[in-house]
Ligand SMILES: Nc1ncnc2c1ncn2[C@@H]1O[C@H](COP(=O)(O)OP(=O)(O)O)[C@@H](O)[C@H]1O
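In structure tokens, one chain follows: the form predicted alone.
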């Protein structure tokens, strides 16, 4: 059954429950004035059965309503969580750089759970209790206008005080939920970086940072409960004070013949039936404010604009030609562009090494080709087509990237490897592992089916890089982008991987971000980035001979004298 139908059914059931709750006090009044006053035993039995039936209907309706709402809101929560996760996957990298992961986790878990509980329990209860109060007060005014209006006027100042307190409660609730996200962020960051923290002996420092945020969360929670400690007792005590007033007034009315004894019983019983609806308003209204804050926090993610939308064009016969035309890029919060006026052409099957100092924009160039970020000026072309016009699924199947900081997931080695190509055969996997020199996975306790720890921390840095490289190779892309993928490898393993990559890159367009001269030798040409621009393009030997800055850039880990001597000999 669709959500709106189930919700409508729950709304229909709600007034039935209210009707039964109001009917019982009225029946009590009738039984006092009728069968009890007349000594009619059969009448008493008949009215007793009616009251018992009304109670049974009320209980049955409540049970059915709770079942319907629990089932409905649980399904709704699951669907919204999926939509929220899908939105987070679609948002550009700049969004994730601005938001702490703990804040996003608290929204996708804590806030959605709070919304579900309010919709399953609080929302309908708030509606039912409000309707109950209105119906009962209206009946009381009809039974005795003076007493009924007294009850109504007594409610007004309580409503005003409640409104003020609930508004303050909502503001503090936002602080609590935001600080919950801060605590989650610090905890996640500390757990992921536990090796670094321990290696530097900074466990006390990490604890102090967590403690500061926990104290801020505690203080906000105490402030929230301080407001609740005023709000909830106010609404719980109010019905008792009102009962004293009504008992006195109804006694006077009965003595003067304005009310019968049965009507007094109905009047007082109706007032007693207000105890739970009025007393629960404090909890329900504060619950509503928390849910409203949670909804605002979730909507902040849903309202975030998606700047990278999939195009509609597809390349029918992809070759892998990559062109950067007057490309510029600026981060949202940056004053200066990271890239400016960048031009570069990579022919199909050609491998280009991209070199440059720290902060020159190499990783930014890498992220622009598969549209992990979009250019702010110029265009990136794949086979002559602007990548912004291409279907994202096809683009990212044609372009595979292996990053310097390899990300592995808490799943088996096989699942990590086949992330970009789920239909890969064992033969394909073995070939990719051979090229990446990642055959160590066969030595794991359960081979390829061994479950890797979170972020692959059970492996060394070099092993993680080789698995990430094998994952990119396995896709068999037209364009292979390696963002300094070999930086964590030892000299011997790097030599093995580079020898295998030379054959693997044949027929594949390659863009290799390199810091080592040995990696540069994989490339047909070298492009040197300086301050976000392509300053020099040429072969490795040409740049060694003609560009002093290039020689200086590579001299840190590579002796260039033999190559210079070779050039001079020629």
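As the structure is a computational prediction, the values presented were derived from the model and not from experiment. Residue numbers count along the first chain shown, from 1.
The form predicted together with the ligand is left out here; the points below concern that form.
With the partner left out here, the ligand still marks one of 327 to 335, 107 to 115, 376 to 384, 285 to 293 in the predicted complex; by a 4.5 Å heavy atom cut-off that stretch is 327 to 335. Taking 357, 461, 348, 233 one by one, only a single residue has any non-hydrogen atom within 4.5 Å of the ligand in the predicted complex, and it is 357. A heavy atom within 4.5 Å of the ligand in the predicted complex is found for exactly one of 103, 364, 401, 72: 364. Under a 4.5 angstroms non-hydrogen atom cutoff, the ligand in the predicted complex lacks residue 145 among its neighbouring residues.
Taking non-hydrogen atoms only, residue 198 never approaches the ligand to within 4.5 angstroms in the predicted complex. Contact check for residue 427: every heavy atom lies farther than 4.5 Å from the ligand in the predicted complex. Contacts with the ligand in the predicted complex, taken as any heavy atom within 4.5 Å, map within 94 to 131 to 97 alone.
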